[in-house]
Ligand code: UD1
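A single chain comes next, written as structure tokens; it is the form predicted on its own.
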């Protein structure tokens, strides 16, 4: 079955961790850098599997890039291109959709298979395509390939999203900044990553108002220039590490991360019995006593409880006294990890889009399989509380969104190792 993480639970976590740039900001920023006519430098960028896939698309579209530590230099190509996204990279992650608008502006055409990613249930891109059509693009399917063309460029529009899709908001924002005229986007998503994308584009010369509110106004510009930019910290990585402390006990300071980025998640952990100290740019998470159930929690669009944080917070609640339930309103298959929870001795049952938990005193070690990014991380969080050895397969999913998660947990005192099926311990660093 390949690589797996071998975890011996029961050890509390102590120390400090610097939170890297947000994966969910970095991926649209990589694509957005193609909108400029100059060099972009992104700092604090984690070397993730999804980042590598996005860079493969960037390179296929004639862009060039260079790593300098955690700084990433990006320069769009100057020659025309057919706008064909490499199939393997496009199918590997949903974020390949972010190249639609930049490629249309640069080449007048983009061709791609249906974007891939974690199997969380139906994840249509109809709002992206409907909005681009309203801006003058022609959308057609040629077999299994999506072809979008705009040989005369895109124009502004007044458009209301039928639901506040984060991806569609980011796609249409990127389309609008170099479209002719003014664009008004109504009913948009308000996530911090959208504000981050807007702030980067503004630094490149875009004219944008209202990012972070339900209505965004954009005045299209003929050209944008490059910029040096530091994306916001990864609030889901921070939530995962906070959940790890809640699961294993201990106290850990999450540095370079504003508590304002994960208010609902911290409130749930506080309700469960964790101590949370908030500072301007850091969060101290502490657990020294048994947790208690939190009742029923619903995920939602920002500023609601994040769908991406739901599995890892659920993992932390498996040993809480009493009942907890988390219902996801975004993805129907968010809690595939519940099977792994049960294999570890948890009383956790999927009920529709929810996972319902009756806390147990102890979890046991188990061999189990992560099937998606956040679900895989949730199994690691749960294993930290088990008194025996657990083997967590599906490392390839975890690598998509966490840089060196086992190494990070090791520095905090966790007993975790990256192994393969021959029981050979591998180097922890996940390049």
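Residue numbers count along the first chain shown, from 1. On a predicted model such as this, the values are computed, not experimentally measured, just so you know.
Keep in mind that the form predicted in complex with this ligand is missing from the display, and what follows is about it.
K.L.:
Given that this ligand is not shown alongside this chain, does residue 287 nevertheless sit within 4.5 Å of it in the model of the complex, heavy atom to heavy atom?
P.N.:
Judged by the heavy-atom cut-off of 4.5 Å, residue 287 is well away from this ligand in the model of the complex.
K.L.:
Just checking whether residue 94 would be counted as a contact of this ligand in the model of the complex - the rule being heavy atoms within 4.5 angstroms.
P.N.:
Although this ligand is absent here, residue 94 would touch it in the model of the complex, with heavy atoms inside 4.5 Å.
K.L.:
Check residue 165 for me: does it contact this ligand in the model of the complex (non-hydrogen atoms, 4.5 angstroms)?
P.N.:
Yes, residue 165 is a contact residue.
K.L.:
Residue 335 near this ligand in the model of the complex, any heavy atom under 4.5 Å?
P.N.:
No, residue 335 sits far enough from this ligand in the model of the complex that none of its heavy atoms falls within 4.5 Å.
K.L.:
Answer with one of 195, 125, 274, 294: the residue that has a non-hydrogen atom within 4.5 Å of this ligand in the model of the complex.
P.N.:
For this set of options, the contacting one is 125.
K.L.:
Answer with one of 330, 146, 232, 204: the residue that has a non-hydrogen atom within 4.5 Å of this ligand in the model of the complex.
P.N.:
It is 330 that has a heavy atom within 4.5 Å of the partner.
K.L.:
Quick one: which of 224 to 232, 341 to 349, 319 to 327, 157 to 165 gets within 4.5 Å of this ligand in the model of the complex, going by heavy atoms?
P.N.:
Residues of 157 to 165 come within 4.5 Å of the partner.
K.L.:
Suppose contact means any heavy atom within 4.5 Å; which members of 297 to 330 contact this ligand in the model of the complex?
P.N.:
307, 308, 330, in sequence order.
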